[in-house]
Ligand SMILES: C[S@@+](CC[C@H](N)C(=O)[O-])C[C@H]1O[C@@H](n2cnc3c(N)ncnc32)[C@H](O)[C@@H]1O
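One chain comes next, on its own, written as structure tokens: the form predicted on its own.
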Amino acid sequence: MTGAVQSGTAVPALRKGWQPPPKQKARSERTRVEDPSSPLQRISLELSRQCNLRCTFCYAQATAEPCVGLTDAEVRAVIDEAVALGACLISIVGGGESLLRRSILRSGESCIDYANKRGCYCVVYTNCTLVDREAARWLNDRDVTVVGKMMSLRDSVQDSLVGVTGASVKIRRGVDALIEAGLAATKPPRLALESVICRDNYDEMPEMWRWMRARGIVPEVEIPTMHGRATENRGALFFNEAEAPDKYRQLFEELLAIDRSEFGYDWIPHPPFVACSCQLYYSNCYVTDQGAVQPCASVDRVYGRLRVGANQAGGKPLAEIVTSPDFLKLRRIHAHLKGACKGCDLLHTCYGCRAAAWHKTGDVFAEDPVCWHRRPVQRKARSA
């Protein structure tokens, strides 16, 4: 990477009058009115852990083998429970590849159609390999936001990171179909591409950032967590612990410089996402393909299991799980943060990466181990 902004760890000030970068669309005129006092505003829902790729960083360790996950009826039942609690946004995260579920693009049978009928907006995560023009038009007609995958603009790197030769060509074809269908042309855009920062794509991140911004695509660039298949590929994915905070800081600041100088956007750089903050812990829950309820995809602490599949006898209602004392601590996360995160100057806009803390310490409230903003706090504590 060239041209990285060199600075200390001071928090940069937002420039007066500058625009924040566009975020992926998450509401429409058909969506029910959101109630901030509700126990749930959104839910992330796995359909299956079957996938046609084998990504080196996959948190779910998805495989090509057919997986017995939630049935269509169970998916609808979970959506009903979420709607009853106030959810207006349903993220179809797949776990594996969402579009491998045969019913998902069938009008009338699709969980997307069902969620829309219940007044919810849908975000669909897909690796884009199965997206053709017909699928892209179907998703566009339903006002869906699509989050695809783009690990590299170089075919060899992309194929290596997603574990399948030839996947890059299919991904680009799918992205092109979504652009052609109009998902990147709306205001705000309904097309985002997810990229995980790793050793193999670190130097080309600025090029990828410009490529996405120029096409109206929201870049969803994030720091990886030591979870799932990433633990088997740590040498290729992760920087060592001593250099990681500065490597991420330099990249985030270079991407901020690009946004300021070329696109007129401004934002505060902090992990785990570039140009935005994680908001999941305020209003979301994550449901796996086996009905386990977690805080997010990468924190595999189970707070309860729904009455689906093998859990029919011992499972609990979603309402009981997300209103339990333990889960409610996540809603008031700033009151429970520890270490440098507790006293950080960015506490008003950031709570660090809870997944990084969880997989480092086993404590979801511990300080973020890869955040560069924690270092001044540590130095001050040592000198006190």
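Numbers for residues come from their place in the sequence shown, where the first is 1. Here the structure is a predicted model, which is why all the values come from computation and not from measurement.
We do not show the form predicted in complex with the ligand, though everything after this point is about it.
The partner is absent here, but in the predicted complex a heavy atom of Glu222, alone among Asp143, Glu222, Asp159, Glu254, sits within 4.5 Å of the ligand. Of the residues given (Asp176, Asp200, Glu232, Glu194), Glu194 alone sits with a heavy atom within 4.5 Å of the ligand in the predicted complex.
Taking the partner from the other structure, the ligand in the predicted complex has a heavy atom within 4.5 Å of a heavy atom of Lys149. Though the partner is left out of this view, Cys58 does reach within 4.5 Å of the ligand in the predicted complex, counting heavy atoms only.
The closest heavy atom approach of Tyr125 to the ligand in the predicted complex falls within 4.5 Å. Under a 4.5 angstroms non-hydrogen atom cutoff, the ligand in the predicted complex has Glu97 among its neighbouring residues. Partner contacts here mean any heavy atom within 4.5 Å of the ligand in the predicted complex, and among 50-58, 22-30, 314-322, 65-73 they occur only in 50-58.
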